[in-house]
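Let's start with one chain on its own, the form predicted on its own, as structure tokens.
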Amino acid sequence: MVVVRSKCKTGIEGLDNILGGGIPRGNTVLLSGPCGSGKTTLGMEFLVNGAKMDENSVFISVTEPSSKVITNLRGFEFFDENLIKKERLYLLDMVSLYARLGMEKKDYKIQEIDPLINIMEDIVKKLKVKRLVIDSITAIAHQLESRVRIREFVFNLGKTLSDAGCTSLLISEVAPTGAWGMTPGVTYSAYGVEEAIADGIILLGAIERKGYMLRTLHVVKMRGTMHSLAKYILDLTPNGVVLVPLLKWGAESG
């Protein structure tokens, strides 16, 4: 008997179509791409859409204060600041997380994996969180010093969030490839271990066509659902993410 898993609808029409209705609930997904590829915007739209559907959603900013995140969000029409006031959308940063750990700013270095995971689990359970985005998992992994510890962290974090019924996007910063003008080939994560553990990979990138640089999206894998393997053009508009099949641009899909 085939068990059909319930889906977490992203609210991004093109992405939900690619995924056959959304991300399987409880999945931990690596959202990978170079700087400027649209990772944070896609992650925030996923959370805001969830909050509008009465699903408590949390954004954890590792590299900048939550106040700056809010300022950037105000430029998008999909963002509703009332969701924060209604306690459907929570924007947290590492200052608040470290405060929960009893650490001061001068001590900002992760020495132990378990306390940080425990804090995230506590947040998810106390706030009854259904959607979580961490921006970025790369910044946390950078402090863990070894691939073994990074693997352990991502595995334990993913299991903890999944067991709590939370669907999560872990933003992964990668070196530019192809049209971004740097390294040839495909890279999914900074340390090469995150993608093997994640339930899904959504890869953002870019191609050059007819003198234009076009952002792209490709769902590499997603456990628990059939999905399109095609590459799509990703356009960042005031209304949010818009996805268009790549071939409609007269471009090859390779």
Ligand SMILES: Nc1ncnc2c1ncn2[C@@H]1O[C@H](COP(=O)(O)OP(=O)(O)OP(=O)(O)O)[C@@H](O)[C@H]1O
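All values reported here derive from a predicted model rather than from experimental measurement. Residue positions are given as counts along the sequence shown, with the first one as 1.
The same protein also exists as the form predicted in complex with the ligand; that form is not shown, yet it is the one meant from here on.
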Checklist entry - Would Val244 sit within 4.5 Å of the ligand in the predicted bound form, counting heavy atoms only? => result no
Next on the checklist: Using a 4.5 angstroms cut-off on non-hydrogen atoms, would Pro34 count as touching the ligand in the predicted bound form?
Outcome noted: yes
Next on the checklist: Residue-level contact is defined here as any heavy atom of the residue lying within 4.5 Å of the ligand in the predicted bound form; does Lys39 satisfy this criterion?
Outcome noted: yes
Checklist entry - Heavy atom to heavy atom, is Gly102 within 4.5 Å of the ligand in the predicted bound form? => result no
Next on the checklist: Given a 4.5 Å cut-off on heavy atoms, tell me which of 115-123, 157-165, 94-102, 74-82 is the interface stretch with the ligand in the predicted bound form.
Outcome noted: 74-82
